[in-house]
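For reference, the chain that follows is the form predicted alone, supplied as structure tokens.
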């Protein structure tokens, strides 16, 4: 008699009750050497310009302390947590088309793994240093696949990431914020349309609809590939002209529950795209201002990791513990807020949403939008 199949992988949106999740680890993380995609992302006044090599042991220890504490809080709430298996990130990445001096890390699984229903999809990735990062998640995906006969493991086509994938205009040492804002408003990003490119963290799941940011890490060909791949879904491209460094959607546009989204007030969704949500009774409100004026040292991300929250269910949200403005806003909106100390982990790849990848949320695929 065959064993009864167990459903391991199931997640259709960003807010249904979370029961199983992957949380990253900071072990071995490197600041990667210069490359076109990375150079375009790192702010021009960043303390990381020209700096690369292994993260300090002290910073890794502090980040892992906060990641491990996050895991304990989730487990105490009955959520199963798995961790990736880091590889040696000091290794060079070498392909027939490029070579770069080191890899990155495995703290932000949200960047690499996109879970849609029973499918876990490995993104193309847009950075050369992150070419092999999917390997950190293969042991877990193999385990899920062995236990869940309905689980589907997919990998998007690996891009070549030659110089043709990147615009040379972005290689200038000093572009300036004004010109960057002009370029992003014109949808002129560092990534070209040479081949499909997308990071999983550019995708938000709304049941039958996927909302994908067009920016530095995801191009139109990548969005088109997602549209062809997820044939039963509606795939919508969005962009945020107020962002001079448009990397990943989850510090800009965050759905909290059906009908409610917080939007970065410095990177508002354009009016024509906003209408699609509002005519379907989705309220888009400005997120609270960050409590900090600057990110932690050696951090790629902006202060807007304040709104990079992890929704545990439609009434419960994890927020970084020092982000008092965001906590107060969500409290007033009726959420139970779970404060999570996490700023020491920020430099390793982002906030609470970045540091996780869904495995299982209760619920099924719902239709939240009417196209009539």
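Numbering follows the first chain given and starts at 1. As the structure is a prediction and not an experimental result, all values here were calculated from the model.
The next section is about a form of this same protein that is not shown, the form predicted in complex with a small molecule.
Peer 1: Considering non-hydrogen atoms and a 4.5 Å limit, does the small molecule approach residue 247 in the model of the complex?
Peer 2: It does: once the small molecule is placed as it appears in the model of the complex, residue 247 has a heavy atom within 4.5 Å of it.
Peer 1: Can residue 116 be called a contact residue for the small molecule in the model of the complex at 4.5 Å between heavy atoms?
Peer 2: The answer is no: residue 116 has no heavy atom within 4.5 Å of the small molecule.
Peer 1: Could you tell me if residue 133 has a non-hydrogen atom within 4.5 Å of the small molecule in the model of the complex?
Peer 2: No, residue 133 is distant from the partner.
Peer 1: Counting only non-hydrogen atoms and a 4.5 angstroms cut-off, does residue 354 reach the small molecule in the model of the complex?
Peer 2: Yes - in the model of the complex, heavy atoms of residue 354 and the small molecule come within 4.5 Å of each other.
Peer 1: Work out which of 120, 123, 251, 103 lies within 4.5 Å of the small molecule in the model of the complex, going by heavy atoms.
Peer 2: Contact residue from the list: 251.
Peer 1: Looking at 214, 257, 267, 180, which is the one with a non-hydrogen atom within 4.5 Å of the small molecule in the model of the complex?
Peer 2: In short, 267.
Peer 1: Based on heavy atom distances of at most 4.5 Å to the small molecule in the model of the complex, which listed stretch, 276 to 284, 140 to 148, 186 to 194, 296 to 304, is the contact stretch?
Peer 2: Of the options given, it is 296 to 304.
Peer 1: For the spot marked by 41, 111 and 349, is every residue within 4.5 Å of the small molecule in the model of the complex through some heavy atom?
Peer 2: Per the other structure, all of 41, 111 and 349 touch the small molecule.
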